[in-house]
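One chain comes next, on its own, written as C-alpha cells: the form predicted alone.
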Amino acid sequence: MMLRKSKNIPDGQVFHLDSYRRIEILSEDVVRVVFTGGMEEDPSAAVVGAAATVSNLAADTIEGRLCIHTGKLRIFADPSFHIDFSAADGRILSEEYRGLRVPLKMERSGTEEFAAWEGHDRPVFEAKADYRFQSVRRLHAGDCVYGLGDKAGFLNQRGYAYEMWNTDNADPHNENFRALYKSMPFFLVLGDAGAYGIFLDNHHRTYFDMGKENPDYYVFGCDEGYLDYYFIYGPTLPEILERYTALTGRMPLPPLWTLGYHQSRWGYESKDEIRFIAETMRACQIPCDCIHFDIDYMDHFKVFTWNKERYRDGKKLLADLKSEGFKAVAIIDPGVKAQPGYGVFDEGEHLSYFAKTPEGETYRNAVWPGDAAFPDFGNPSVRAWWGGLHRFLLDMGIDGVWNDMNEPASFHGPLPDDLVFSDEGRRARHADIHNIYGHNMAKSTYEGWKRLSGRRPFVLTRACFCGSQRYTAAWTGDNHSIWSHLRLVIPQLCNLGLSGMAFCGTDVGGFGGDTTPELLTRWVQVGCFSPFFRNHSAKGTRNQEPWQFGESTLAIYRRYVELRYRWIPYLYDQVRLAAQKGWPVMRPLAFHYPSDPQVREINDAFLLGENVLVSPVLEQGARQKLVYLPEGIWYDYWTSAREEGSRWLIREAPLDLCPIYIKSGTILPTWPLRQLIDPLQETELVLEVFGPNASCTHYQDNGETFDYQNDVYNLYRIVADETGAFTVELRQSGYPQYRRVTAGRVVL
C-alpha cells in the first residue's frame, strides 16, 4: 500500500494505530488523522504546506489508550479509533461521540400522497445511514460552526446539513440548499473552550451534518475515498486561518486594479454596447476599472475565438478601452465545441485531452456552444495546453479571465460518474474529480497566464475546492435580484473568507430577475466593501447599470463607489494581510470578539479588516438599523459621533446611508478620488485618524508585477499621538515613495 505522508514529516511524528489507521503530528497545533481502509491514497489537490519538527513531542499508553502530547495539544486514541483532542491544560476541545447515531424523530402531519396529489414537493429530512468512512463528534452547548464555503443560509451553520458536490442550480438559493457551486470541506467550531478547525481532505462527494440529525453531535463522512482530516487548533479564529492557509496555501497579491469597480452583464451583445457602457461610466463619473465580456464576445460561443461580426475590430476596441483606463475580463467556459475544423477541438482531440467514456470515446454533452467536449484538467499536460491557449486573449488585449460553468455544468443531464478523467497522472472517474474540476481549471488558467504575461494574473471562478485561493478569486454564482439574496451576502462572503477564500464577492444587484432602485442602492452599500466588487445581471432581466434608475439612485450609487476608491489603500492593506496570514478581508465580528456572545450569530454586519464595522440595511423600506458595537470606543464614520461599545444602538439609516463605525485607535490610509486605479498617479496619501494614539501599517507597490517578492515595495508605520499629530516611519523602502502624506480628517 502506498502511503501519502505529509511532506518531510519525521517518522517519529507518525503513530500507526493499525495497518490502515494513523495519526500524523504536523506541528504543535495541527494533527492529521487517516483511515484508508486499505485503499490507495489520493493525491491532495489542496495541501501544499509541510510539517514542522515538533521538539517536545511525547507519547505513552495508559490503559490501552494512546496519549500524544505536542506542547499545545493532547491527542487520545483508543483501540476503537475514537480520537479526542484537548488543550495542553486539559480543556476538552473535540471528542468522538461514543454513542450510536440516533436521529431525532420529527413529527410530521399529513401524508406524502396528499402532498403529491396537490402537486407540491414536500421536503422530508432523511438521516443517511452510517457512511463508509465517518467521524461523529460531540457538539457542546454554545458551539458555533462556521466555514464550509459559501453555503446559503446563516453565519452559524449549526443545525444544518450539507453535501460537498459542486452544483449549478439557478433556482433562488436559500438555507435548505445542501450544495452549491463550491465544495470547501473545512469548518471552524467556536466554543467556550476555544476554537478549532477541521479540514476533510477528500474531494469525492462528502457529507456534513452539523447537528441537524441530532443536536448532540455533528457528522462528516464519505462513501468514496477515505477518512483523511486535519485537526487545527487555535485557540482563536485568526490562528486557525493562519494554520489552515499555511497548509492549503494563501492568495497571491492580485493586480491592484481588480480591487476597483467591475461592470458586467450577460449580455453586452456588441462592440457598440461595450462602447456605450464605457462612455456612460465616465460621463456619469462613476469610478470604474473593468468591463467584463460574457459569452457573446465569442464566435458561436467557441472558447478562444472572437465574434468578428458583433465585436468587429476587437483589438482596436480593447486598445481604445485601455486608453480610457478600462481593463477587460473575458469569460471562458470549459466546454469546447465538438466541431471538426475548429482548431481548439481538433488539437484537443488529436492529443486525447478530453474526457472519455468507459469505452474510450470522447464524451460529449451540450453547453453554450452546443455539443461540447470537456478538457481533462487533472492531467498536467492538459493544464499546460489549456493555459497556453490564453495567448489568444492576451494578444487581443484581454487583462483577466472569468471561469464559469466549471462545476462542470451541462445542459443534457449531469456528466456520468464513470467518465474517464485523470487525477495527477493516474486514471480517475468523474465521480472522483468532480469537486476539483473547477480548481484544476483555475490552476491551469493562473499558471498559463502567469507564464505568458509575467504579470499577476486575475482569475475569477464559480466552482472551486479548498486551496483554490492559490489561483483564483471567487464569486457566489447566480444569485437573484431579491431581498433574501441580499441578506445572504454577508454570511456567504464571511464564511467563504473563513474557508480561506479571501478574495470574493457577489453579483451586486442580483443576477437573475429584475432589481429595484432601492434593492440596488442597498446592495451597492454592501458590495462596495466586499473584496470583489462587480455589478452583474442576466440577459432578459432589467438592465441594472446605475444610471438606469434615475438621478437619485445614481447619486447614491456614485457616492459608495467613490468611497470604495478612496479606501483602496486600506483595502489593499487587508488583501496583503490575507496574502501573508490567510485572514479574510471581510470578517464576521466573532473573528476578533470571540468571547462576546452577542456577536457569534450576527448575520447583518461585518468587519472590514479589524477596525471598520459595516452594518448595512438589508430590509426593504427600513430607514433605521439596529447596530451592535463590540467592546471599545467607536466613531460613527458619517457624523464623527463617539459611541461606547458592548451595546446595541439604533442608527438612523435613510436610503443614502449605510451605517459605518471606526474603532478608536485607527488610521485609515486613503487616496484622493480618481476615476480609475493607477498606482503611478498616487503620489499623495491622505490619512483619516480616529481617536487618540492611533496607528496603522500601510503597504505600497506597483500593483502589477511580482517585483514585491524581491522587496520592491514600501512599508510605512504611521503613528498618531493623543492630538492626532502623526509620524511616518519607512520600515521597508524599495519603491518610489509618496510625495506627500497628509491628515485629511482627525476625529478625537
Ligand code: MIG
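Owing to the predicted nature of the structure, the values given are computational and were not obtained by experimental measurement. In this text, residue numbers run from 1 along the sequence as written.
Separately, the form predicted in complex with the ligand exists; it is not shown, and the next lines address it.
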inquiry  = Just to confirm, with a 4.5 Å cut-off on non-hydrogen atoms, which of R243, K151, H536, H390 contacts the ligand in the predicted bound form?
reply    = H536
task = Consider the chain as shown here, without its partner, and state which of Y196, F133, W402, F377 has a heavy atom within 4.5 Å of the ligand in the predicted bound form.
result = W402
note = With a 4.5 Å heavy atom cut-off to the ligand in the predicted bound form, the contacting stretch among 474 to 482, 425 to 433, 637 to 645, 338 to 346 is 474 to 482
Site check W266, W368 and R462: each within 4.5 Å of the ligand in the predicted bound form by heavy atom = yes
ask   = Any chance D604 has a heavy atom within 4.5 Å of the ligand in the predicted bound form?
value = no
ask   = Does I331 reach the ligand in the predicted bound form if we count a contact as any heavy atom within 4.5 Å?
value = yes
query = Closest heavy atom of F511 to the ligand in the predicted bound form, within 4.5 Å or not?
reply = yes
key: Partner contact for D294 in the predicted bound form: the ligand, 4.5 angstroms, heavy atom   = yes
